[in-house]
Ligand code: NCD
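Here you get one chain, nothing else, as structure tokens; it is the form predicted alone.
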Amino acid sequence: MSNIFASRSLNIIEDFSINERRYFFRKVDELKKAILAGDEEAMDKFRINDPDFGIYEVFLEDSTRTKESFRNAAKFHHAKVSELLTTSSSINKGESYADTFNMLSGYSNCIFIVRSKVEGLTKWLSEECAEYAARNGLPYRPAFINAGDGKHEHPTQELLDEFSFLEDLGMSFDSIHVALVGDLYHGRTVHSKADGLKIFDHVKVDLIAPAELAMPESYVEKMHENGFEVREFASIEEYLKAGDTAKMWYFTRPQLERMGERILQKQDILREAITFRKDFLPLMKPGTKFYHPLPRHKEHPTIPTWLDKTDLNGWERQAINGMYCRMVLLSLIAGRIGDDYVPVPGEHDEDRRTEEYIIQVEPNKEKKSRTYSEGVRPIDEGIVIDHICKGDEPGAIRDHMRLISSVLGLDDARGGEWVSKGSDGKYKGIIFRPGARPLERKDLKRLAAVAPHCTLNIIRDGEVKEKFRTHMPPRIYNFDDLCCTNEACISNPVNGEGVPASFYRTGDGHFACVYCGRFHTFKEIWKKH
């Protein structure tokens, strides 16, 4: 049986399935017990033990705990550990990421651990360097581990957080009730939990943050999609008054300095809402544990240092667990362990690219009409696009019809646009282009992406000869005019890497960027035309 973990990249927590993560946690538990018992024979089963196996740390953003945790984990493996000194690297002089990492891939470096402010960087590099390795006949495919990318994700922190939770739950995956407290807006460690907590069969999450620091709506929506029970509170005090509190509290450091002068003017109020106080102690349930990704703010810690010697302290063990988890992660990706994992059928079958989203309808099966919408005269040859943005306001529909015309290259054709109100009282748009050529398959794909749920009529000899209904594509890519709006994303043009934008459809009808995860409506994924 081949090792399915070998040379795998971990860019987001979902890159490993739920069952793969459960296997991972059992292995971490096994290794931790072996290390604490001094069982060298058991430890050697995990060690890469190859001085030529290259592990490369590239921290383009400052870090202490993650960097040193990985460095010590790598030393456990008796492998070659290198570090790119970014202060003197040509990356800071404008060199492309792809060229830099392709070059390093050729020097027998098998695993790259990368931290960056650029979101989706490791996702892009894992694709680019795999192609580089194939072109140049390298005997391995470089793997990438995301050690934190902007406000996006921090999957290895999520792994160690989950393992710490599991230890306090007796390694049971049955259920969890956790409170997330602090800066939920910027905190990539809490963003990772929207998918990370799926390892538990039943999940209840309490979000505790004032409005200025609240969890972004896209992550809240993802939690709901994943079946989590979610509650939101503006402060710890409000949460405690509501009752039914969690026995697991996960705190994060508020990053108010990133939010401008208006927020700084009220920082004392915001900090007070998410900082634990002594008078809260009697309200804690027996067995409650606090966690924190560390380090805490030295002047304004959300978990005050006087709690360090109490039974609430779960954050110190949590930090130590980081090394054990990263030891096992490196062992898995190196292919040292994982041969005994039995894949679960369908655990990676989430690729919906074969799903049909352009449906051809037989015109003769529908009621014929010589008009297509209020005020639009029938045409003899050409195309009519109907039911555009049904339910939107007229001004919004008109704006979007201009974008559709530009995206489909119809600006120079005769015809026009019209907004009509249907019998249901809802407005809809219609585009008619007499004499326009029939749209090809690639045009239909663009139409489905820019105007899902519309109807395309192909007119010949005054009759509808072909009719198509569009649905939102499961994926949209390979178009030069697509663009993620997040300037921190590796695919955004401001980063100059030439990474083609790519999106997948979410459960609630958005397009999410495959690199940074940013949610967009179908109206927002196009460059300005």
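Keep in mind the model is a prediction, meaning the values are calculated, not measured. In case it trips you up, residue 1 is the first one in the sequence shown, and so on.
What follows is about the form predicted in complex with N-carbamoyl-L-aspartate, which we do not show.
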Contact check in the predicted bound form: 66, 253 and 293 versus N-carbamoyl-L-aspartate, with a cutoff of 4.5 Å between any heavy atoms. Do all three pass?
yes
Within 4.5 Å, heavy atoms only: does residue 115 come near N-carbamoyl-L-aspartate in the predicted bound form?
yes
Residue-level question: is residue 192 within 4.5 Å of N-carbamoyl-L-aspartate in the predicted bound form, judged on heavy atoms?
no
Find out whether any non-hydrogen atom of residue 152 is located within 4.5 angstroms of N-carbamoyl-L-aspartate in the predicted bound form, and reply yes or no.
no
May I ask you to state whether residue 289 is within 4.5 Å of N-carbamoyl-L-aspartate in the predicted bound form, using heavy atom distances?
no
Candidate stretches 418-426, 183-191, 331-339, 102-110, one within 4.5 Å of N-carbamoyl-L-aspartate in the predicted bound form by heavy atom
183-191
